[in-house]
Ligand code: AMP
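Only one chain is given next, in structure tokens, and it is the form predicted on its own.
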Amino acid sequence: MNIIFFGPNGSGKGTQGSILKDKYNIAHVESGAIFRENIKGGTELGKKAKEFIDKGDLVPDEITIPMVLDRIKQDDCSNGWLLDGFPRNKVQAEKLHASLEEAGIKLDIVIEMLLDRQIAKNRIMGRRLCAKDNNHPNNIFIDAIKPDGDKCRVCGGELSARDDDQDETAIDKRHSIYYDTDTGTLASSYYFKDLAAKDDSIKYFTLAGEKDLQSVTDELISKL
């Protein structure tokens, strides 16, 4: 089962991806981790990517897509993979699709997490980190995981907010890229949606991201 998962920052896409990884024994492939692994490992692609990153430039698709393909060809992806965080625009979607076909790699499912932009922003800015365990879920804007004042709802530890979670300008910039239906990330999602309408071997479905975590998980599992 090979999956591409789309969703804005704050939608819970990463959490759902981890759940699928454990349930179906597939690899959760995150684009950011691919860059880090290649750069840390000193691969040729990693060295080329680092040159662009060090200059503050975007890494060209001609480097990024081969990295993605190399990653999903690794042994832990033999049972399937879930690609998270790539593609981020329509051109990348077109190039990735062509590269997958050329490599003989089948794409089975594309998932789009639906979430209102303001709700997504609130979720990011409402995240709180527990000093004892960062995996303890706390968010001041989500009733189900709303902390008790400034204490972790799980263990009572001290809570804090990440600086980048409070940077509205940065959040708005990332969301402007994601919610762009002409050339941005949603445009890439819709590219695969159009493909699925013509090719019944690709399944495309949406999830209601405003629901609580368990409800989203239940909907996700039922649609797979």
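It should be emphasised that the depicted structure is a prediction, and the values quoted were computed from it without experimental measurement. We number the residues from 1 along the sequence you see. We call the rigid core whatever largest set of C-alpha positions still superposes within 1.5 Å between the two forms.
There is another form of the same protein, the form predicted together with this ligand; it is not shown, and what comes next is about it.
Contact with this ligand in the predicted complex, judged by any heavy atom within 4.5 Å, is made by just one of 199, 44, 164, 172: 164. Note on the partner interface in the predicted complex: the residue among 182, 194, 168, 57 having a heavy atom within 4.5 angstroms of this ligand is 57. By the criterion of a heavy atom within 4.5 Å, residue 147 is excluded from the residues contacting this ligand in the predicted complex. This ligand in the predicted complex comes within 4.5 Å of a heavy atom belonging to residue 36. Using a 4.5 angstroms threshold between heavy atoms, residue 53 counts as touching this ligand in the predicted complex. Although the partner is absent from this view, residue 139 stays clear of this ligand in the predicted complex, with no non-hydrogen atom inside 4.5 angstroms. Remark: none of the three candidate residues (17, 25 and 78) comes within 4.5 Å of this ligand in the predicted complex, counting heavy atoms only. The stretch from 113-121, 82-90, 147-155, 99-107 that comes within 4.5 Å of this ligand in the predicted complex, counting heavy atoms only, is 82-90. Although this ligand is not shown here, in the predicted complex the stretch 189-211 places no heavy atom of any residue within 4.5 Å of it. Relative to the superposed core, residue 58 undergoes a Cα shift of 2 Å or more between the shown form and the other one. With the core held fixed, the Cα of residue 164 is displaced between the shown form and the other one by 2 Å or more.
Core-superposed comparison between the shown form and the other one: CA of residue 193 displaced by less than 2 Å. Panel note: the distance between the CA atoms of residue 63 and residue 99 is larger in the predicted complex than in this form, the difference being 3 Å or more. Cα of residue 63 to Cα of residue 104: at least 3 Å longer in the predicted complex than in the shown structure.
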